[in-house]
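One chain is shown next in structure tokens, namely the form predicted on its own.
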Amino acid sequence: MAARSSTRQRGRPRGKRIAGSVATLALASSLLAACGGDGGKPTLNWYVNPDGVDTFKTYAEECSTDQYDIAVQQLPSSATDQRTQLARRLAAEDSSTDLMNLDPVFVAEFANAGWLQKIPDELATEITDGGDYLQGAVDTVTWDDGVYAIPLWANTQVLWYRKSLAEAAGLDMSQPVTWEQVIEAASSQGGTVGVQANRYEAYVVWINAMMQGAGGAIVTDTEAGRDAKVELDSDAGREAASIIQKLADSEAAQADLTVSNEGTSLGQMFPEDGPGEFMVNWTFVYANYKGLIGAPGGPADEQEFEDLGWARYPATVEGEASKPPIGGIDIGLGAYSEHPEWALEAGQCITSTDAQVDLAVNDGLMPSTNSAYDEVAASGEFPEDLLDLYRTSVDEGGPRPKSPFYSQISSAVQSVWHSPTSVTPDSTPQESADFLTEVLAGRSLL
């Protein structure tokens, strides 16, 4: 993913909405410093995912204070590997894990394990009831009636496409479109459909979104833990399997379907030959192509860039609203940090409005608050209708199962539904339901 090299110079982030809380915490921090020993200036470790690292480093520096410094520690690229690294440290009660970027699906697991500080009531209420955070982002940080992280960016997927391809296929993109229509439109014109179907977390994102679009879910009653109700063997599961099978059997399937990820299909939008593609992918796509105009992998010129279109995530069932995936990053505060007050203060600073705006403008990682969205809109860096689509998709989208057993749920689904070329509605939903039930009950191992 391409990102602009420069971060706007704003001085220290202002964190407008949290000024009161920060001031209170700053006083507490000063008192702590006054009572502290002579061991030198502490360093808070901030574990980050690889997206937006340059912006993270800028804010690590700007949010450091006279009492502490913030050091960025980069995690592996995949969400699963990020979870593993953090879980190993926290299971050992690592006191050096002060701040961490968390994929939203792991907040429940980490909170349930006691690895995260619970967000204090004043800030928690501001997040859940203040009216500024997008509802989809709020949902990602709550667990068991508490708030256990601070939303940073709120990601979602939309349908990216070449306007010329849709027009040639006679597909009216001003109206909601279904997966079946998209696959048939691409196939009829020699185009392709880009998805994420490698054996990894993003494949579950796709399956989950299609099931929710059909009114179902992978599991329900997730707060029951291992006794959650497995819903894969359902009409919604069979609808999702039918779409995967239809794409896999179609000429619109890309050659690397079975190992496809967020990056592999980017190059199919503006190929040297062919009409391009329809592609579901995250919000970074617009900034990516805008930064690649005239470069390999990008549109040849501004005119070709204008041929890039966007629409709401495809519907699973005609006439029923789609449920766009919700992702993003939440900031968790380590439960074993030696400096919990400073970690909270730093967590508020690195999630400030300015930080969210810079991540959007520099890296295409969209905000979790309406106030930050308003500033991004005022910047003129993104089309207004695209920002409206992002915001609506987060508010009306569907999260993955919020469960302390999520990593087992995801791995069990991946193991049966991969490869996509083997998926069939006649057997895959039932087989995966049986396997996941056994895994949750502790009778089968992954």
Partner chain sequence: MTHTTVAPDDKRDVRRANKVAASDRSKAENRLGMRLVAPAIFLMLLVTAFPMLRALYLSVFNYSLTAPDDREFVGLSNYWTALTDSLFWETTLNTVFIMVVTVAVELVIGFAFAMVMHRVIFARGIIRTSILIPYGIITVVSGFAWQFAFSNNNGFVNEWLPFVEDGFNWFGQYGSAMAAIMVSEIWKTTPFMSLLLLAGLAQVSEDMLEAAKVDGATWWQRLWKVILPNMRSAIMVAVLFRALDAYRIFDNIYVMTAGAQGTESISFLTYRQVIEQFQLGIGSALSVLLFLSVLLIAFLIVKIFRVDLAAARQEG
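Residue numbers count along the first chain shown, from 1. Computed from a predicted structure; not experimentally measured.
A second form of this protein, the form predicted together with the partner chain, is not displayed here; the remarks below concern that form.
Interface residue remark: Thr43 is not counted as part of the site for the partner chain in the model of the complex, having no heavy atom within 4.5 Å. The partner chain in the model of the complex is approached by Arg226, whose closest heavy atom lies within 4.5 angstroms of it. The partner chain in the model of the complex comes within 4.5 Å of no heavy atom belonging to Tyr286.
Of the heavy atoms in Phe405, some are within 4.5 Å of the partner chain in the model of the complex.
With the partner omitted here, the residue from Ser187, Gln73, Thr80, Thr128 that has a non-hydrogen atom within 4.5 angstroms of the partner chain in the model of the complex is Thr80.
Heavy atoms within 4.5 Å of the partner chain in the model of the complex are found in one stretch of 64 to 72, 375 to 383, 391 to 399, 408 to 416, which is 408 to 416. Residues Gln408, Ser411, Ala441, Gly442, Arg443, Ser444, Leu445, Leu446 of 408 to 446 are found to place at least one heavy atom within 4.5 Å of the partner chain in the model of the complex.
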